Every structure is written in structure tokens, then in C-alpha cells.
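Heads up, the chain below is alone and in the form predicted alone; it's given as C-alpha cells.
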Amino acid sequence: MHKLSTSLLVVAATCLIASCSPQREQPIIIKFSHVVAVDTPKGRAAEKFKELAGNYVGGKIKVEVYPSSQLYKDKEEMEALQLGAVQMLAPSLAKFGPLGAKEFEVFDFPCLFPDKDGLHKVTQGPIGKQLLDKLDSKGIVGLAYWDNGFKIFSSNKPVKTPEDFKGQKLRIQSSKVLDAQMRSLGSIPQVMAFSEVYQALQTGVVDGTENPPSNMYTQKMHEVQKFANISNHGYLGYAVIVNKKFWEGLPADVRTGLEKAMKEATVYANEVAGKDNEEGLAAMKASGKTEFFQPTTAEREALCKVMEPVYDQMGDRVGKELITTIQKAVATK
């Protein structure tokens, strides 16, 4: 009896020292890094995912969002993900070409998608899924596509006709297809990090660029661009990706909750992208700082015609069969 009492006293003392109350597990941290502002479609969608993840797996997961290149710039973030320095990104689709997944550069082809409905037949269908699956060998899991929108040209020189583009220095993302696109117009492509574009436009390092209106507006590019063409000639979207080792190491119930959060955040992302682009364009027009040109159908077709050589030059890079498959998919009613 004395021995038992002594044992209980030892246990009690141990509990006092170690605090016998159950240790609360620390949440798993997901660092979600991106390069655009919080008030862009991607920025707002990242915050929505954070909120939804908290709802579905709160306590087990903590999503930390780092916007505006706070952690990594364009060229650095993919390596950071593969090394596990961050767990989640939403890079533009052009970023996967340098990684070795050249097929993603098909989204850079000019005038490939006639409208949002045609685009979503690809990004939300089997073609989009097959492309995301190609990231597996790179140590990456593709979770979803998020829209930004269709791009417009802007410059400090006129950009109404194909002739206007000749000799202009235009900023692009690192993409062989976008390089070929600008050269087909007679322009001089300049690869540059997104965070550096405003200053480059302001100082004349480059004449212009291409962006969806929401990016152009939130980065205040309209303040340093005299002209714009609402060409809607190309698509800018993102793939939400996660480090494969990290993702597969999560408990199954946590992954299920995060997948649900991502599905709902994707619906939100695509809805807000459309709205933000409309509002951004209206706000820039109202500012009077940039002269916007709305091309007729014939004028846009003339611009697209000049860029057609890109399909012959870059078709083998992404796969001509993939291009044909997408063209058939978007043409289907």
C-alpha cells in the first residue's frame, strides 16, 4: 500500500512538472506564396482558400498567404516549392515550360480560346486534368486552374494595328511561345519579373506589355501607359500547385478537407476574375490616363492573322496534337 501511494505521488509530481493535460498538436503550416497584389483575382482567391481551409480543417492546418513577392519572385518560387521552402503556389501557366512541362505553354498561344466557355472546356475538363498529371514527375501535385483573364496590349506608343507593334520593346513572361508571339508582330520581347514591370514602363526600359485588365489596374500600369488595345488575344491563368511529398504526407481527412476548400475557392476565383477585369477596365477608362482602343471583329482577326506563324514555329514544342485537340474542344457547342 505504501509503495502504491509512493507511486501515485511520483505520477502526480510528474504531471505537475509536465502538465498532465493533453499536449495540443501544433497545426501544419501551408505557406502559400504568390507574386501579385492581394486585391487581384489570384490574391483574393488565395485568401478565400485560406478562409475555407480554416472552416474545413481548422486547428489541423494553418494557411499563411504571402502576396506581392514577399517571399519569392517569379523565377525563384518554383524552386522554393520543389525544395519545400513553401508548400503551395499559383504560378502562371507559362512558368511550367522552363520546368520541363512544355505542354503548358499551349495556354500562351495567341487567339486559341474564343471565349471563357471554350477555355473552361479545357481547364475544367479531361485535357486540363491530363496536363496537371504531367507535373507529378516534377515533385508537384496540380490541384486546380484559376482564371485571371484575357490579356490586352498596352504601350506608350499606339498599338491599334499590326504595323504599330513593329520595333516596340514589350515585356513578356519567360515563355518561348510568348517570345515568338511578340516577334511575329515585329516587336522586341523583354523577359522581366512581374514585380519590376511598373518601373520599367515608367522609365522607358520597355514600351509596353500584355496583361488582363485587373493586373494592369492593380499594378497602376495605366498611370504609365498611354495606349491600350482591348485585344483579348491571349489567356493568362494559373495552376494551383503543391509540393508532392508534403501533400502525400498529409492525413487523408486533411487532404479531403483541403480539396473541398480548393474546389470552392476555384469557383470563387473564376467568378471574381471576370468581375475584377470588368471593373478594372472601367476604372482605367474613367481615369482618362490611358487611351483604350476597342477593335472590331475584323481588326482583331487581322491582329490574330499576323500572329498565326507562332503555331508553325512552336507547334512541335507543345505538341501539334494537343493544339488540335484543344481547337476541337473549344469549337464544340
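Numbers follow the displayed sequence, beginning with 1. Quantities reported herein were computed from a predicted structural model and do not represent experimental measurements.
Absent from the display: the form predicted together with a small molecule. The rest refers to it.
- Contact with the small molecule, judged by heavy atoms within 4.5 Å in the predicted complex, is confined among 127-135, 154-162, 167-175, 110-118 to 167-175.
- Although the partner is absent here, N215 is a contact residue: one of its heavy atoms lies within 4.5 angstroms of the small molecule in the predicted complex.
- Using a 4.5 Å cutoff between non-hydrogen atoms, K95 counts as a contact of the small molecule in the predicted complex.
- For the chain shown alone, V36 is a contact residue for the small molecule in the predicted complex, at least one non-hydrogen atom being within 4.5 angstroms.
- Although the partner is absent here, N211 sits close enough that one of its heavy atoms falls within 4.5 Å of the small molecule in the predicted complex.
- For the options M262, L236, I241, L185, the residue carrying a heavy atom within 4.5 angstroms of the small molecule in the predicted complex is L236.
- Scanning W247, F194, Y72, F227 against the small molecule in the predicted complex with a 4.5 Å heavy atom cut-off leaves one residue, F194.
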